[in-house]
Structures are given as C-alpha cells and as structure tokens.
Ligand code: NDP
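Shown here is one chain on its own, the form predicted on its own, set out as structure tokens.
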C-alpha cells in the first residue's frame, strides 16, 4: 500500500485554501494547514472540514516557524497561498504587502531548500502581474507591467520561484491565476461585494451599492475549478509555469447586470459610481490564454461566468436568510 501523501497549505483559511484543502482530502492526502497566531483568524471557510485538517501555527514573515513546520510534518507538497491579497489594501500597506506577498515566498523556498529539496512547491502567482497589458490575451511569455504594490510583490514572488527552480533544481511551479471567485470570496472583492449587496437590496436591508470603474474588465472563473490546476501542476514530472484562466472577459457592468437580474432587480436603480473606489493606477483589461494548461495538465473550467455569479447571489441570499435578515 502506497504511503499517504502529505501536503502543507499556507493560507488554508482563505477562499483558495479551503477549496484546495477539500480537493486534497478527497485525493487521500493528509493536509497540514498553516495559520497565523492571531486572535482574528477566521475558520469559517474550513469549518466543515476542520476536524480532518491538522492546523499548525506559522507565518510567512518568520522563516524559523516555516523550518520547524517542514521538519516536523515532512510534507511531500507545499502550496503557498498566503499573501496580503487585496489589491486596494496594497497601496495603504505597501511594505507589509512586500514582506508577506514577495519576501514570504523566498522564506518558504529557502526553508524547503534547507529542509528537503525533494518537496514539490506551488506558488500562487497572479494576473495582476501583467497590469498594463502588452498584449491580449496574456500567456506565459507575456511581459509583466504591474500596476499596484500587490502586483509588484507577486512579480517578485513569481521570479524568485523561477530562480530557485533554476538555481537549486527544486520542483517549483507557479500558477498565474486570473481572477477566480466563489461564495467564499471576501466581501472586499468586487464580485462578492456586488453579490452580497444584491442580497441585501433584495431583502430590503439596503438600497444601493457604490462601485468604482464599471468598464474595468476581468477574466473571472470559479475558484473550485482553479485549485484543480494547482494540484495538477505538482503531479507533473517537470515543474513549470501556467496561466490559469477562462479566456473570456467581462466588465464590472456585466457583473452587475447578471447579479441583479438573478434577484429580479434593475441594476441601474441601485448601482452608484463612486470615485473613491477607482484605483490610482487602473488595470483595464485582463484575459488569459490557458492553452498550455489545457494541453499539458489537461485542465478545463466547469463553471461559466453567469453560473458563477448566480451561484454567489443565491449563496448570499441564503446566508442572510440563515442570519435572520
């Protein structure tokens, strides 16, 4: 009988971490989830699987804690999903974003190098690295031009992963993931902000939602689909970098149309454009070419844009009902 594989997931309490932990458990892994020592850690997204996880304290700001986790738990795979991941916050906290989202990757890679170079490593790269896009759609060879401290930090994390792969022979891969959403998305992200606002307006708790640039376009997919790509990358004989995207682009305006229509509402009566939500440097059009992922790791999406947004609206209406709204 083959030994049970063990995976370490940083950022396990986040949207992607929760879906990835579910997938790994279904694959028969022992899953070690790293959580920061903090009184504000929210376990809501993993509450339904928490008893099946081994949660350990650690921090990407502290390499000693990473070394201790790797030495004690000896994972076969490490998925680094930990980051300061909200673009808007990165302008208010650029130094912390750099420490966590950029240098945090180096600390994990170095801990792997020192502990067990046979560990397979996944780095969560981001479409925000493309920023001011040089070509449409974007693929693995497209030049980076990040437009936020978050995007800059992700570029560092991406290239340090390539560097450790080439310098030390680590099985280190990066997934350049375009926007991926779900009912577990944080309220600070525009998709969930809209779906939650629709639910509140539908139930008579609010009358409007204030948004920024309605013409900003993104390639939005379902987070549950995207974690399958993460896992598939680490099952390959050779490490590599992959764009993970739907190949479709939709505007914030379209997002509003679909979300409000799901609840039987007219979006134009409830959406207010507010300049405070415009970014200092806007990213106007991101759309990915995932042909390499389709060809090399047999990855495809299963949930489309309309189905995704409808799923989120339904979930938020159900959530407010359960909360007694």
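Just so it is clear, the structure is predicted and the values come from calculations on it, not from any experiment. Positions refer to the first chain, counted from 1.
One more form of this protein, predicted together with the named molecule, exists but is not displayed; see below.
Problem - Partner-contacting position among 233, 124, 197, 243 - heavy atom within 4.5 Å of the named molecule in the predicted complex - result: Residue within 4.5 Å of the partner: 124.
Exercise for the section: Give a yes/no on whether residue 289 approaches the named molecule to within 4.5 Å in the predicted complex, heavy atoms considered. Expected result: It does not: once the named molecule is placed as it appears in the predicted complex, residue 289 has no heavy atom within 4.5 Å of it.
Practice task
Find out whether any non-hydrogen atom of residue 177 is located within 4.5 angstroms of the named molecule in the predicted complex, and reply yes or no.
Solution key: Output for residue 177 is yes: heavy atoms within 4.5 Å of the named molecule.
Exercise for the section: May I ask you to check whether residue 45 falls inside a 4.5 Å heavy atom distance of the named molecule in the predicted complex? Expected result: Yes, contact at 4.5 Å.
Problem - residue 150: touches the named molecule in the predicted complex, heavy atom cutoff 4.5 angstroms - result: Taking the distances in the predicted complex, the answer for residue 150 is yes, it comes within 4.5 Å of the named molecule.
Practice task
Specify the contacting stretch among 161-169, 125-133, 200-208, 67-75, defined as having any heavy atom within 4.5 Å of the named molecule in the predicted complex.
Solution key: Single hit among the candidates: 125-133.
Exercise for the section: Counting only non-hydrogen atoms and a 4.5 Å cut-off, give the residues of 8-36 close to the named molecule in the predicted complex. Expected result: Counting only heavy atoms within 4.5 Å of the named molecule in the predicted complex, the contacting residues of 8-36 are 11, 12, 13, 14, 15, 16, 17, 34, 36.
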